[in-house]
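What follows is one chain in structure tokens, specifically the form predicted alone.
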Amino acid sequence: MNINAMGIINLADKNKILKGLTVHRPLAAVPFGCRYRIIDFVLSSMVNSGIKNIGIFVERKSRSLIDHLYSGKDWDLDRKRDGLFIFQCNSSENGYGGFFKYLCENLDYLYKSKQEYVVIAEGNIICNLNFAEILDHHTKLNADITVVYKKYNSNVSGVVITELSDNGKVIDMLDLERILEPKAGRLFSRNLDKKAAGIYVISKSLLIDLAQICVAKGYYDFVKDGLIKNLSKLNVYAYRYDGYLVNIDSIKNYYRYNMDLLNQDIWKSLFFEPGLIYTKIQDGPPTKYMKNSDVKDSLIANACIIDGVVENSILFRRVKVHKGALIKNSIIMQKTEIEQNAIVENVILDKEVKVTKGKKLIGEKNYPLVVGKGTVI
């Protein structure tokens, strides 16, 4: 199945969100859920929806992302026509960049693409959705831009829809991270519960026009400059998504959404409905559970060796847990080693960390301790 849309995944301007975890990699390449990377979810959703032409705009530190994606073979994107395209974009010396700027530097990619519509997605989204349904909604309404949003039970942060018409047209939107404090105080008395998911549908011709007009004026942000400033001029409609969709916008939420996977209902809906989530294949032996191992309510990838206690935790590939060690409420990434009698609780350990014999690492449950890649403690 193919649909008349290309995909663009925008990874720019998101690298500071997870602090210690994005020192050596872009946000979209951060490991998630035992064996995946964050980008796998929106990329797999696009492929499962019939999008076969996908461009990825990454700003910096792209080596790990390129190594993960390579030719796109694991997503069936290594093809003669269309396929996977990675654009490494460099901000200026003063750090001045932005999606529209990078788009205008690579307009040939858009001009040569045969698809009429573009699905734009940010690189911090965990979801499994059908973009074909969103595109169908977009074309039936003859919309200029469609904004995917999710309704929450309380006020949210980021970009929110503050006013909708009865037929779903967006009347007003705000980027809460950019508004002035006095205005923010007045706005928080309103119910800001419709969070934009970071997914947009737009025609290719309109996207090119908006990008060129904004860049000519020195504006580079798609949402703030291309969308919000043009709400009165464009037919912008909202598409409400009620399935599991979250935006990783802090260490706290990264920890929380990983732990969500220990809920079987969430795990099944995220990884299998409406399609599978794909990732880079890495062959390895099954995990070994030694005679002293005790594992409860956890997700554990292959090639681990467990001889200690693991509770309510997520372990990535090739983790070693020695006799007498305890891991509780934690995320342990690839090739990390927890030595004998060490205790790790409410902690996120990046790749190749070593916690030596008898050491204790204990963070707060709502504010987990983060240990950087390759650290020896």
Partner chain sequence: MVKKECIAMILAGGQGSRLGILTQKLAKPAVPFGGKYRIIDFVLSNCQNSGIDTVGVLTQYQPLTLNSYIGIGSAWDLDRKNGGVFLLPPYVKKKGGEWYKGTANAIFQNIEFIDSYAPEYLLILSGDHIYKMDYSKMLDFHKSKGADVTIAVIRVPWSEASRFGILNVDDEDRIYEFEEKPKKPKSNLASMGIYVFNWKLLKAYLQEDEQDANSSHDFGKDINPKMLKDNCKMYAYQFEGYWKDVGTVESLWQANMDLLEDAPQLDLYDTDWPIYSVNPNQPPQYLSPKAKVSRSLISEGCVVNGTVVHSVIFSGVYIGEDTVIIDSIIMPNARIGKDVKINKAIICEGVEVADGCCITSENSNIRCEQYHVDETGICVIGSNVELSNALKECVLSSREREFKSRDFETLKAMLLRLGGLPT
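Just so it is clear, the model here is predicted, and its values are computed rather than measured. Residue numbers count along the first chain shown, from 1.
Quick note: we don't show the form predicted together with the partner chain, though the next part is all about it.
Peer 1: I have 78, 283 and 304 flagged as a candidate spot, so tell me whether each of them has a non-hydrogen atom within 4.5 Å of the partner chain in the predicted complex.
Peer 2: Verified in the predicted complex; spot residues all in contact, yes.
Peer 1: From the list 206, 262, 213, 107, which entry has a heavy atom within 4.5 Å of the partner chain in the predicted complex?
Peer 2: Result of the distance check: 262.
Peer 1: Heavy atom within 4.5 Å of the partner chain in the predicted complex: which of 290, 266, 171, 141?
Peer 2: Of the listed residues, the single hit is 290.
Peer 1: Since the chain is shown here on its own, which stretch among 244 to 252, 142 to 150, 270 to 278, 222 to 230 would lie within 4.5 Å of the partner chain in the predicted complex, judged by heavy atoms?
Peer 2: Within 4.5 Å of the partner lies stretch 270 to 278.
Peer 1: Mark residue 36 yes when one of its heavy atoms lies within 4.5 Å of a heavy atom of the partner chain in the predicted complex, and no otherwise.
Peer 2: Looking in the predicted complex, residue contacts with the partner chain include residue 36, since a heavy atom lies within 4.5 Å.
Peer 1: Examine residue 297 and determine whether its closest non-hydrogen atom to the partner chain in the predicted complex is within 4.5 angstroms.
Peer 2: Yes, residue 297 lies within 4.5 Å of the partner chain in the predicted complex.
Peer 1: Should residue 256 be classed as touching the partner chain in the predicted complex when contacts are defined as heavy atoms within 4.5 Å?
Peer 2: Although the partner chain is absent here, residue 256 would stay clear of it in the predicted complex, with no heavy atoms inside 4.5 Å.
Peer 1: My question is simply whether residue 328 lines the interface with the partner chain in the predicted complex - judged by any non-hydrogen atom within 4.5 Å.
Peer 2: Looking in the predicted complex, residue contacts with the partner chain do not include residue 328, since no heavy atom lies within 4.5 Å.
Peer 1: Going through 230 to 260 from first to last, which residues have a non-hydrogen atom within 4.5 Å of the partner chain in the predicted complex?
Peer 2: The stretch does not touch the partner at all.
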